[in-house]
Structure formats: structure tokens, C-alpha cells
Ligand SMILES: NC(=O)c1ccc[n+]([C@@H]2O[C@H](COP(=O)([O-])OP(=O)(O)OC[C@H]3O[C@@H](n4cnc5c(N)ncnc54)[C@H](OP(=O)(O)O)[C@@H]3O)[C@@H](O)[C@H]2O)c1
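One chain comes next, on its own, written out as C-alpha cells in the form predicted on its own.
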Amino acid sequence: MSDLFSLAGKKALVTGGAQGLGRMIAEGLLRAGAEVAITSRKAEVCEAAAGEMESLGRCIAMPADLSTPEAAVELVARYRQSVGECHILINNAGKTWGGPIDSFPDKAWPGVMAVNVQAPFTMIRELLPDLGKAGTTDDPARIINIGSVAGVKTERLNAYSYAASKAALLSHQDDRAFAR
């Protein structure tokens, strides 16, 4: 692999990294040489995925249900203890709820907003010191928040809380470089 794309020596945390898009991201990071920690709400799914990806590089299972800010804080503490520094944070974990607007329940909002908006915010806040230490002027640390086209334009989805959460996630960009 070209040095241009090498992540050798980098450490990454991918929320929702055991399945779907998150797993593809984790596999790409591993193939580029990064050490990767992945999360999933389901411990058995997380452990199995990490075991399968271990052939690509060091992959650590960190089961976590990110539906509360406290869970995100606890995940960061476990990450620091198990992995140490963080060069790349990918906020990919997500939740959705679908249904017709005339019967879309109020209970469909808090859980979706907690996982899709609050958890990424908390993860960033908690990992800012680590990202700042890990980055350099020439190679800053990275934060990647996985959004959705549903957060950018009106889609024909009956997932109102999901679309609103992805719009909220995409609405604030901080172009600060995470370098010392």
C-alpha cells in the first residue's frame, strides 16, 4: 500500500463498527494498517466481528449501547484503558424509527436523538484531549461523523426522527485541526 494511504501506527474508534457501513469502514482502516476498536450494542455481534476482522490487523471489540451520555463517557474510559491514544474517531452508530406521520409516536424521538446526536457530541467532547495529543501539524487527528442524505434533503422516508437527527449531526462543523 502506498505511504499516502498508510495508517500504520494509528489507532481508531469506530462506533457501530461491527456491521454494515461501520464494518466496511473498520475493515478499510485495518487494511490501511490502523489498530481499530469497534462497538455494537450486541456483545456477541461485536466479539464475532472483531474476531473475523482480526485477520486484517488488531481489532478490539468494545460492546456499548450508546443510548445515554453516560454510556459514551464509559466507552471512552474503556477505550483509553485498552487502546490508549486516539487518532481517528468515527461516529457511525445509529438508530432509526419508521412509521406513518399520523401515527408516528412521540417515543420515537428520544432514543434516536440520543444515539444519533447526543452520543457523537459526547464522544467528541470526551476524546478531544486525546485527539489533540495524537495529532500533529502535518498529520492532525480526525473526527468523521456519518450522516445521511436524509439529513440534507427531503427523502420519501417515514423516519422523521432519523432525518431530523442526521440534519442535526450535519448542521455543525468545527474545522479546528486536532494538532499540537
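From 1 onward, residues are counted along the sequence shown. All values reported here derive from a predicted model rather than from experimental measurement.
This protein has a second form, the form predicted in complex with this ligand, left out of what is shown; the following refers to that one.
This chain is displayed without this ligand, yet in the predicted complex the stretch 63 to 71 from 50 to 58, 28 to 36, 63 to 71, 123 to 131 comes within 4.5 Å of it by heavy atoms. The closest non-hydrogen atom of G135 lies beyond 4.5 Å of this ligand in the predicted complex. Residue contact check for Q19: one or more of its heavy atoms lie within 4.5 Å of this ligand in the predicted complex.
In the predicted complex, this ligand lies farther than 4.5 Å from every heavy atom of M113. Contact annotation for L89: none of its heavy atoms lies within 4.5 Å of this ligand in the predicted complex. Of all the residues from 73 to 87, none has a non-hydrogen atom no more than 4.5 Å from this ligand in the predicted complex.
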